[in-house]
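One chain follows as C-alpha cells, the form predicted on its own.
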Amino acid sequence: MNEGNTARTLAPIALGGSRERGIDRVLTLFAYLNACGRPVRIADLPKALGAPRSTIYEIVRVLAEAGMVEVTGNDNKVFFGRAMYLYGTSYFRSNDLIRRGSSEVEALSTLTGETSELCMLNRNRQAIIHTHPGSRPMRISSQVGSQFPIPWTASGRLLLSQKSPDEIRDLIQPDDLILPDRRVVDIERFIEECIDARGKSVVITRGLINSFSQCLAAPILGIDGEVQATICLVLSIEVSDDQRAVLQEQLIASGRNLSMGTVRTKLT
C-alpha cells in the first residue's frame, strides 16, 4: 500500500474545535500505524500526518503513558502498545461472528490445504480479520490486519454489493483503482461487478493483487440478508478448474454455515 497517501485516505473527518482536532489526529495516527504495519520513526510522523511536530510529540507521549503505543529507546520508533492488544482481545471475545469466523477459517484451511481468510469492510478498505496459511509447499500467505483497496479483491465486490452506484463512487478514492502493477480498474465496470455480486454464493477474481494468485470469496449474511463479512480462499492461479470447483463448494458451505450461525445467534 502507498504509505504516502495513507493519512489522506484514512484520516477521520475533523469535527471542529481544538479537542476534536486532537482526537482526529489520534485516530489518524492509529490509522497510519496500522497501514504501515511496523514501527515508524517519530520524526517522520509530522510530515506523514500533516501536523505540527510539537502536537505529534505530545500525542505520542500521552498515548505511551496510557500503554496504547510504545516507543523504542534506541531508534525512537513508535508502534501500538500492549493496551491496544488487550482492547482487541476483549473485542474478539465479545464479537460472535469474528470468534466463529476465525474458527471456520482455520477449519476450512485445514480441510482444503489452502490459505483462508475472514474479511470485513473497514471504512474504505477491505481488512483481513483472521487468516490461516495453507499446508501446501507453494502456499500463498496473508497477514491479519492487512488492508487493501476494495477494488483489488473479490471480497470487496461482495462487501459493496448492497450499496448504490453513488455510494460506491463516494467510497472509492482515485488511488484505490490503481492496482499494484499500475493497471487501472475502470470505476464503472467495478460498480457493475459489485451489483452483479448481489445474491451470488461466490465471487472470483484473478491476477489483481499479483499475477500468480486468485481469490474465491463467499458472503457471510446477517439476519437481514445483507453481507456482514466474507470468507475467502487464496489460491495459486494455476489451480485447475476441477480443483477450483471442489474448493468453491467447500468455501460456499463455510459461508452458509457462518450465515446460518449469525441468524441463530441473533434470534436467541
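Small disclaimer: the values here were computed from a predicted structure and weren't measured. Start at 1 and count along the sequence shown; that's the residue number.
Beyond the structure shown, there is the form predicted in complex with a further copy of the same chain, which is absent from this document and is the topic of what follows.
- Taking the partner from the other structure, a further copy of the same chain in the model of the complex has a heavy atom within 4.5 Å of a heavy atom of G81.
- Proximity of G88 to a further copy of the same chain in the model of the complex falls within the 4.5 Å heavy atom cutoff.
- Not displayed here, a further copy of the same chain is approached by F30 to within 4.5 Å at the level of heavy atoms in the model of the complex.
- The closest non-hydrogen atom of G145 lies within 4.5 Å of a further copy of the same chain in the model of the complex.
- None of I56, I209, V203, L63 but one reaches within 4.5 angstroms of a further copy of the same chain in the model of the complex through a heavy atom, and that residue is L63.
- Checked against a further copy of the same chain in the model of the complex, the residues M120, I172, I191, A197 give one hit for a heavy atom within 4.5 Å, which is M120.
- Contact with a further copy of the same chain, judged by heavy atoms within 4.5 Å in the model of the complex, is confined among 109 to 117, 90 to 98, 160 to 168, 178 to 186 to 90 to 98.
- Contact annotation for the candidate site: R21, N34 and M68 all lie close to a further copy of the same chain in the model of the complex (heavy atom within 4.5 Å).
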